[in-house]
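Okay, so here's just one chain, in structure tokens, the form predicted alone.
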């Protein structure tokens, strides 16, 4: 076949994980091609809150069936935190990184006990946190309401602008020679000699041969993996965010809830962003997912209870974004068993983990040990070997 490109790695998905992987691979001297079905950073990576969750998070978002394993997350959060600290210097660009610190609040005795338990886990993981009673928490952050009976404080929490992080990663990768192909949906992924042949583009005219495919396609990760012959049990979801009008600086810290779905912060532009994993009304992988009015009411009512000043603000907009969740709510990263050179990465809290997973994917592509233990986070746990061949055939012609 004439006109076939060659690359050391093809990355499917130009969200924050794909962009971070491209940055690390290209900077290490690899020839990288990035394929994106739409505009880079447009989907989940562009609709996320941009929180840096370094202390333990609430274990269940609204509607979530399986609680995540907070204790398992913490070593990963600490490793990600270290990489965020130097990210702007590494990328040569501002991503509006703010290590403003954060409070996780409790409103019941049971939630207070959860704070104490997670504080012990955090101490063991080397993440400095402090447990405060309600009065001490309000002394530190007077905006907290009277229902807050305790809180943990972590100076490492913060946020970055997701609309700047992914472009900064892609720009850095481009400076090292990576080529991004937007609006180039993947059509086929076939075994070719000792590696892979990836066919993409609106007309299927973009063909790349490579020894390594990195599937960071977010909520489409399972579809892309199916093209290569792997049936992964993924659970993509759509969650929503809410934004108020702009205010002068009033909330200097990230505020989360240990028992209910809530995160609130004030971004550099002055808007208050309210989220916490509340489900959208629809998950539409072919179009735009729609927000839910019930989630709007639940999320905003909770936010105004914890931070009463929010009740006087006007909401500016709300939006929904798709995410690549897994059935066990744990991150997904590793090589697919039986498919040498086919790597996947996605799942819960991908934005916080992006700098860590980008470095990890480079190590895996180079057959080197990863910087953290990921043995229990690989795709093998999500594979249904009996059905994957049938799924492979069914999904081959599906646009991703």
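What you are looking at is a predicted structure, and each value in this text was computed from that prediction instead of being measured. Positions refer to the first chain, counted from 1.
What comes next is about the form predicted in complex with a small molecule, which does not appear here.
Would residue 49 count as touching the small molecule in the model of the complex under a 4.5 Å heavy atom rule?
Residue 49 belongs to the contact set for the small molecule.
With the partner left out here, check for me: in the model of the complex, does some heavy atom of residue 219 sit within 4.5 Å of the small molecule?
So residue 219 counts as contacting the small molecule.
Would residue 214 count as touching the small molecule in the model of the complex under a 4.5 Å heavy atom rule?
Looking in the model of the complex, residue contacts with the small molecule do not include residue 214, since no heavy atom lies within 4.5 Å.
Quick check on residue 289: any heavy atom within 4.5 Å of the small molecule in the model of the complex?
Heavy-atom contact with the small molecule at 4.5 Å: absent for residue 289.
Exactly one stretch in 331-339, 38-46, 25-33, 62-70 has heavy atoms within 4.5 Å of the small molecule in the model of the complex; which is it?
Correct option: 38-46.
Each of 146, 261 and 304 having a non-hydrogen atom within 4.5 Å of the small molecule in the model of the complex: is that the case here?
No: no residue has a heavy atom within 4.5 Å of the partner.
Among 173, 151, 239, 165, which has any heavy atom within 4.5 Å of the small molecule in the model of the complex?
Only one option qualifies, and that one is 239.
Answer with one of 323, 255, 115, 234: the residue that has a non-hydrogen atom within 4.5 Å of the small molecule in the model of the complex.
It is 323 that has a heavy atom within 4.5 Å of the partner.
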